[in-house]
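Next up is one chain by itself, shown in structure tokens, the form predicted on its own.
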Amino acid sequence: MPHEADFQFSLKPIGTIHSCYGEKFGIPRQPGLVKSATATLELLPPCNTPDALRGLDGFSHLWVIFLFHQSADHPWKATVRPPRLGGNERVGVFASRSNFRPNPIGLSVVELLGVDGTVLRLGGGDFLDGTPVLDIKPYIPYADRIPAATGAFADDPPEPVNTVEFSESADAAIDTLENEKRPALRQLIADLLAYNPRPAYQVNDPDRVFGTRLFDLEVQWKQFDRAVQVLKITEQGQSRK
């Protein structure tokens, strides 16, 4: 018989995530932190049948198993630098949730906001737009919640560290750009930037302009110690000047 290590498995995505996060920079480091972030999970053939979701709407939360598709071609690393340790101290990859893993598989628990045919509406996700989904499992409170569990260096939830203000230009843009396709845009930007998405090891540079993509928008902002100012919000393809 072949050794277990010789087995090869071929996994086919069962669905695709459509998310507000258009690039990796800015995605919260754990699910549930930015509750105003919404996404949809669209089932793909042959799984796109309502029968596959029968009874799922009775659960408030789901486990979503997915691929870190933009990291799939990158080599895995035996040690990584978790942001919660300041971005300088190393731990083993299996003591982290780094995306640079031997198999680029992610696992997130999210709120199930609704089921529309074969599309799931999700809240609080940390998914990049276009993420391939490998499986969905219901979150079962009595089995999945362990009150006495400990989390080493990530035992307590992170607190939002930044105050966020909007320039007049950004304020005016939100009034125009917030709609059904970009719901709660102001709240989403404020929640996202409150958790300081910059790399933990990065030195504060008040002159640097950061940019991150939300939906089809480019959000530009500056960091001043623990204060963030949103400078400008533009639709993709428009000038950033």
Ligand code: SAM
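What you see is a predicted model; the values in this text were computed from it and never measured. Sequential numbering from 1, following the sequence displayed.
Missing here is the form predicted together with ligand SAM; even so, the following discussion is about that form.
Of the stretches 164-172, 84-92, 101-109, 146-154, only 101-109 has residues with a heavy atom within 4.5 Å of ligand SAM in the model of the complex. Within 4.5 Å of ligand SAM in the model of the complex, a heavy atom is found for not a single one of N196, G211 and F215.
The shortest heavy atom separation between K35 and ligand SAM in the model of the complex exceeds 4.5 Å. The closest heavy atom approach of R97 to ligand SAM in the model of the complex falls within 4.5 Å. Of the heavy atoms in H61, none are within 4.5 Å of ligand SAM in the model of the complex. Contact annotation for N179: none of its heavy atoms lies within 4.5 Å of ligand SAM in the model of the complex. Only one of I189, L43, I27, A39 comes within 4.5 Å of ligand SAM in the model of the complex through a heavy atom, and that residue is I27.
In sequence order, F66, L67, F68, H69, Q70, S71 are the residues of 53-81 having a heavy atom within 4.5 Å of ligand SAM in the model of the complex; the partner itself is omitted from this view.
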